[in-house]
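A single chain, nothing else alongside it, follows as structure tokens in the form predicted on its own.
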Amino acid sequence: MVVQQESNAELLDALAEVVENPDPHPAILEVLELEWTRDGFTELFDFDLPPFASYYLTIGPILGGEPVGYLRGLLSAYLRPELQPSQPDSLAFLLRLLALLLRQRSEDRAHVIFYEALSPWLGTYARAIASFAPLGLRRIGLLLDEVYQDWSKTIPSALSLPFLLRSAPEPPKMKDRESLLDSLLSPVGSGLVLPRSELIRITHRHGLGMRPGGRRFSFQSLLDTSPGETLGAILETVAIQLAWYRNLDSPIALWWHQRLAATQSSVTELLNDTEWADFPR
């Protein structure tokens, strides 16, 4: 049992290292079987899929807000004030904390950290990496998913949703272009993970024109120039991501599936509305 815990802790530490360090030790890359490039790291973690809980659990999305405040309060029960991290929703920090608690044989505390801080978003994040990361780094998503699945087995089936999903903001009503962007670009609002690299792939697949810039600006340009084609392509991405949860029956997977299904319904209604393209901007 001790050997198994140490092995699990080493995996968590290794994953934390590749999530936050653009130049991880070659031995870690060999053990995790990653084809590493620094450009790939930058594209994945700095631009496409930031490794912070708040990015997936806020409208905007933003880094910070209620998830960070809640996790800071949660961690105050485990860490002295001088040890509190500046970014308590950091995936690398939370993985290292789990590894530390395993080595201290504090399994009960580790389960609480996983359930409250990681389970609300880690499964979705892992699948997003496995789908959207540069090819040589997609295995990170598969390994994170294994971690998620293994730890999820420790959650009692009668337990309610973790606080960060119970208190999650309601999806913005798609009443104008801004609220449409707020919803579709915020995973917590739509259930959809839509990194900029996927927007670029959509433009290539469908022959659309996208103006260069930030993710929101680029998506806005697609809606302005090719609204019907853009939302039709978004529906294809929604359908693919709905399959992420097809064989999962946990309350957390169901929550994400329901948000995605609601988005699918709302976008379909928009496309069937002949006047939707005239939404206020």
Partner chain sequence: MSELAKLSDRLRAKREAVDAAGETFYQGPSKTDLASFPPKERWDDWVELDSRQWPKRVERHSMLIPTTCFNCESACGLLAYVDRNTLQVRKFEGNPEHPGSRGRNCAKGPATINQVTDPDRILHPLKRVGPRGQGRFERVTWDEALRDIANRLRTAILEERQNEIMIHLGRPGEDGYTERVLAAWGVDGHNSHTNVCSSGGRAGYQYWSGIDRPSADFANAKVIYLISSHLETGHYFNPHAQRITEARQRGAKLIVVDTRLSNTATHADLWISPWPGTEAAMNLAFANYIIQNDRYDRDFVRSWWNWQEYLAAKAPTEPQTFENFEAHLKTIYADYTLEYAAAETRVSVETLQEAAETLASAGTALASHNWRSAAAGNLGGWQVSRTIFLLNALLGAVATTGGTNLNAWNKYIPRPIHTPNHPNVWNELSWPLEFPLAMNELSYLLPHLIERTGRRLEVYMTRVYNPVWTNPDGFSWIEMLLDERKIGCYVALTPTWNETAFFADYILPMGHASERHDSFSYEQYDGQWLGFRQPVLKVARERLGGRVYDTREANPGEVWEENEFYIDLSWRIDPDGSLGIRQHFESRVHPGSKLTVEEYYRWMFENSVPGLPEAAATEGLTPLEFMQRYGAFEIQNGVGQVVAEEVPETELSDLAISEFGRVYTRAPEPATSNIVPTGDPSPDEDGRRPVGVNVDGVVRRGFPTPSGKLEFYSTTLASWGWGDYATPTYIKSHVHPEHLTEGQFPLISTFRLPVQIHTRSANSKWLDEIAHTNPVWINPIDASRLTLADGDLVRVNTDLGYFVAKAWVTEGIRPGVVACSHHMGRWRIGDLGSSAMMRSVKLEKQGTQWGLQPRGGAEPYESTDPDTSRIWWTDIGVHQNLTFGVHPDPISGMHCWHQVVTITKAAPGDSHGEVHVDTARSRVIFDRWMQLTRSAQDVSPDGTRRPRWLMRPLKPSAHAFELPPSV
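Every value quoted in this text rests on a predicted model; they were computed, and no experiment measured them. Numbering follows the first chain given and starts at 1.
Below: the form predicted in complex with the partner chain, not depicted.
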| item | value |
| --- | --- |
| Contact test, all of 13, 38 and 96, partner the partner chain in the predicted complex, heavy atom 4.5 Å | yes |
| Candidate stretches 161-169, 78-86, 118-126, 179-187 - the one whose heavy atoms come within 4.5 Å of the partner chain in the predicted complex | 78-86 |
| Partner contact for residue 107 in the predicted complex: the partner chain, 4.5 angstroms, heavy atom | no |
| Heavy atom of residue 59 within 4.5 Å of the partner chain in the predicted complex | no |
| Touches the partner chain in the predicted complex: residue 30 (any heavy atom, 4.5 Å) | yes |
| 4.5 Å heavy atom contact, residue 268 and the partner chain in the predicted complex | no |
| Contacting member of 251, 213, 228, 65, with respect to the partner chain in the predicted complex [4.5 Å, heavy atom] | 213 |
| Sequence-ordered list of residues in 190-208 near the partner chain in the predicted complex, where near means a heavy atom within 4.5 Å | 196 |
